[in-house]
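Single chain ahead, written as structure tokens, the form predicted alone.
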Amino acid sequence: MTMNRQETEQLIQEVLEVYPEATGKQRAKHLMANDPSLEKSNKCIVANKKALPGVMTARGCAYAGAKGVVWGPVKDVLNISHGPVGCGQFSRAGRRNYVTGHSGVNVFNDINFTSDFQEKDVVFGGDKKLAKIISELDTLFPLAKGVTIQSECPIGLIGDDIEAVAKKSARDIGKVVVPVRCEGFRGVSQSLGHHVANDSLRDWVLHGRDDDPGFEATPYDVAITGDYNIGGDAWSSRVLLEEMGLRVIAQWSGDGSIPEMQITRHAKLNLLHCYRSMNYISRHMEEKYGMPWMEYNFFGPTKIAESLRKIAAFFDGAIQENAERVIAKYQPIMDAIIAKYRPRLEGKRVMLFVGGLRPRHVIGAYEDLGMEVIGAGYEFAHNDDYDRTFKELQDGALIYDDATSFELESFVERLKPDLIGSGIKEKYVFHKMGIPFRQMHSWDYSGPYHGYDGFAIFARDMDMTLNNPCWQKLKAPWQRASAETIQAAA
């Protein structure tokens, strides 16, 4: 079972003892035992602060947040990584943002476009080179709806004027050209990159069809924002919304497009999945266009039903009746899945350390399978993320913000969870410790996990991971030490 608050706080102090005094005091501000009664986290945990020099952090940079998360999944734009080749190549292949279309014809998010900065570009600047690249790309890929300029670290250091290049190139090619000031050294983590990318959407894209009277609206138009379609997540979510009678007029960034972004303002409700990455633009659209936004959670049947009812309550009785029909239609299927997998997963303990939304969103899905989340933390959360997390976690559960590698491994060694859900940087460390692991940034090359269809895959994957016989062949370090002690005594 989860430890009580006193036991969790004692564990935190034991782990912090290894640090020098000043470092220990700093890290103590990022660790706590959960109290579900708390309304605000800013007095009990510190978040969105720079990681300490000398400690290993799992965070990414502002470029990763802008290019890898917000702009990268948009399918009909050419994302130029303006700088050396490495950042663009890494971000191109890192996430499984599914799209419809033909690569290199009308979708481009699986291609690495880069200005390939060399030493001479750092010395003499890359403005002219960038303008030439945009012109050439427009000739090579005429069906692209626009271009983004994702600035890497050297661009901010040498002062390339990407805004001037964007304005001139937009006039020359007659398409949207968006400068994104997401140099990796900016800000605390990839979270600033989300914000910068949202601002670029606001300033360079969304107003593009403000004067377009041709759109035929309906009372049931909605937009899906902040779903990146990892393994097809947005598609499985969209199916449910359309089954209950709503019309999804836009989804972004996953399988998203420039025209869909520009007509989003016509939606009657903006449905926000990843709060951390898209709340900025959602608030802007509410202020400018009067379009309300609502968070939802489509992980696991309990949270799906709650979210469908919450969404339906915004509309009329017909939509509310349809929502109940959708829930009733899938409930027997969900009951069968739970009946199959819950006996194999009941009582298993999980620790989570992921990015912006999953440590609180997936808790309900694990609980639907009888599993218990004993620890959760974010790589780059803000305090309002923890405000939302308190209500989802059990009393006394361990919470850790921007955990160092040492802390995470120490917590795992002491708590001995049955399963860890985290990112690729942690995966093989815990494999070597003999602990089952799911890569929860891109679903370990599986998915979707959203929606009723996704829950079936989620349950199968958790069972397949936890009950794989390979773990019987591996021993965690503390198990090996115990075995060696027994053997020596014999």
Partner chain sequence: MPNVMLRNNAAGQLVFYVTKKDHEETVVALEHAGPGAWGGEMELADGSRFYLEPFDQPPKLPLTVRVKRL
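Numbering follows the first chain given and starts at 1. Being a predicted model, the structure only gives us computed values, none of them experimental.
Below, we turn to the form predicted in complex with its partner chain, even though it does not appear here.
Note on the partner interface in the predicted complex: the residue among 329, 388, 309, 416 having a heavy atom within 4.5 angstroms of its partner chain is 388. In summary, among the residues 216, 287, 136, 211, the only one with a non-hydrogen atom within 4.5 Å of its partner chain in the predicted complex is 287.
When contacts are defined as a non-hydrogen atom within 4.5 Å, none of 243, 320 and 325 contacts its partner chain in the predicted complex. For the chain shown alone, residue 280 is a contact residue for its partner chain in the predicted complex, at least one non-hydrogen atom being within 4.5 angstroms.
Contact annotation for residue 382: at least one heavy atom lies within 4.5 Å of its partner chain in the predicted complex. Although the partner is absent here, residue 293 is a contact residue: one of its heavy atoms lies within 4.5 angstroms of its partner chain in the predicted complex. In the predicted complex, at least one heavy atom of residue 195 sits within 4.5 Å of a heavy atom of its partner chain.
In summary, the region of this chain contacting its partner chain in the predicted complex, judged by heavy atoms within 4.5 Å and restricted to 40-48, 457-465, 60-68, 432-440, corresponds to 40-48.
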